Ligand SMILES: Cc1cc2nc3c(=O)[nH]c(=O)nc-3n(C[C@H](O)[C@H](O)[C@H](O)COP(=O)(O)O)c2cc1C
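Single chain ahead, by itself, as structure tokens, in the form predicted on its own.
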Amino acid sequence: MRTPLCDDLGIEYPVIAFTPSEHVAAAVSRAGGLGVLGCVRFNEAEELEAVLDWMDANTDGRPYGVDIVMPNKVPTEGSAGDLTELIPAEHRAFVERTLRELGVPELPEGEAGAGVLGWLHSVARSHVEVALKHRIALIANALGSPPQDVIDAAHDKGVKVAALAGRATHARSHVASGVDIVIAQGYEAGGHTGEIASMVLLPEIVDAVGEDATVVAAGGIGSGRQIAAALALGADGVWMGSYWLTTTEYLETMSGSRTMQDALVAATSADTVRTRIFSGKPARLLKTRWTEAWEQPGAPSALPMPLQNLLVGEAHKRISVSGDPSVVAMPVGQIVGRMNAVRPVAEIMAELVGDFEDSVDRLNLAR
């Protein structure tokens, strides 16, 4: 299961795990993969600093990475307060009315409900500055190539840069910008994702840029068989996000996780929807009464990023603590149909490796 990606990143297995949980990221790194911590949930640089200090101390000296949300072109951006004023009153009224109809209670008195500011370009830049002070091996950007100065700063520190691509043209643009690792993310994936399925997309991107950059497969991966298939299609490794949401370590970090995990464990591969209501850009979410409400006649259209996240930030927090699996607002891929139990990261990693080896043995026997 070893590929050149392992040598590039200093890892044992070519498995990169995206997660908003530092406990999951650290556990994946300790188990031989590369845990990549999603930074978007950190509103203050000091919060991220403290968590990366913890990562440094809890990864047994093994490498890890970070994931940021930063558009290539620097937007004109005011403060969060200024941006919030741009949200139409009818959108606010719809969200409040929907939460009331779904039976989602108010937050407990004194608990803040502001949106996640990590979607703002200025906040993402502070995440990069903090991360480069730590022993990260990778910076991944969820919105394509980061700005050139960010790529240059990472390379100056010996840090690899990765970017997600949903088309071969995106991959060529990333490589031209200096991106080291192209993450070919198919339509099946959770979170922000494109319109081309992995089986088609991955070989297209390998053919387009495979001689100039490392290609990693994302979307629909939750078994060693699927890792073997990704490598057979030309990838050097895999990027997995959704599969770690139902780990025991995830419960150690994220509030409301038990309710979310209950919803994911009960879901099938048909129970997701691609929509703009999470952030303003197309993202695959678990299909629930919350997503269905946005599809009803009279529901407003999603606002552009970052306004949509500022609009629904408090709603997501209220949903998270409501204890109702039927209204969960959670990005997840179609692989959710395989996420049928809450298990430790180490158990999942061992299963992935074993299943990969069995798959390769079957192929060898078939020759």
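The first residue of the sequence shown is number 1, and the count goes up from there. All of these numbers come straight from a predicted model, not from anything done at the bench.
Although not depicted, the form predicted together with the named molecule is the subject of the following passage.
- Heavy atoms within 4.5 Å of the named molecule in the model of the complex are found in one stretch of 24-32, 324-332, 55-63, 305-313, which is 324-332.
- Listed residues V51, V40, A45, V342 were compared with the named molecule in the model of the complex; V40 is the one with a heavy atom within 4.5 Å.
- Put simply, of V182, A235, A189, I139 only one has a heavy atom within 4.5 Å of the named molecule in the model of the complex, and it is A189.
- When contacts are judged by a 4.5 Å heavy atom cut-off, I205 does not count as touching the named molecule in the model of the complex.
- At a distance threshold of 4.5 angstroms between non-hydrogen atoms, G220 is in contact with the named molecule in the model of the complex.
- The named molecule in the model of the complex is not approached by G166, whose heavy atoms all lie more than 4.5 angstroms from it.
- Proximity of V69 to the named molecule in the model of the complex: non-hydrogen atoms within 4.5 Å are present.
- Along 7-29, a single residue, F18, places a heavy atom within 4.5 Å of the named molecule in the model of the complex.
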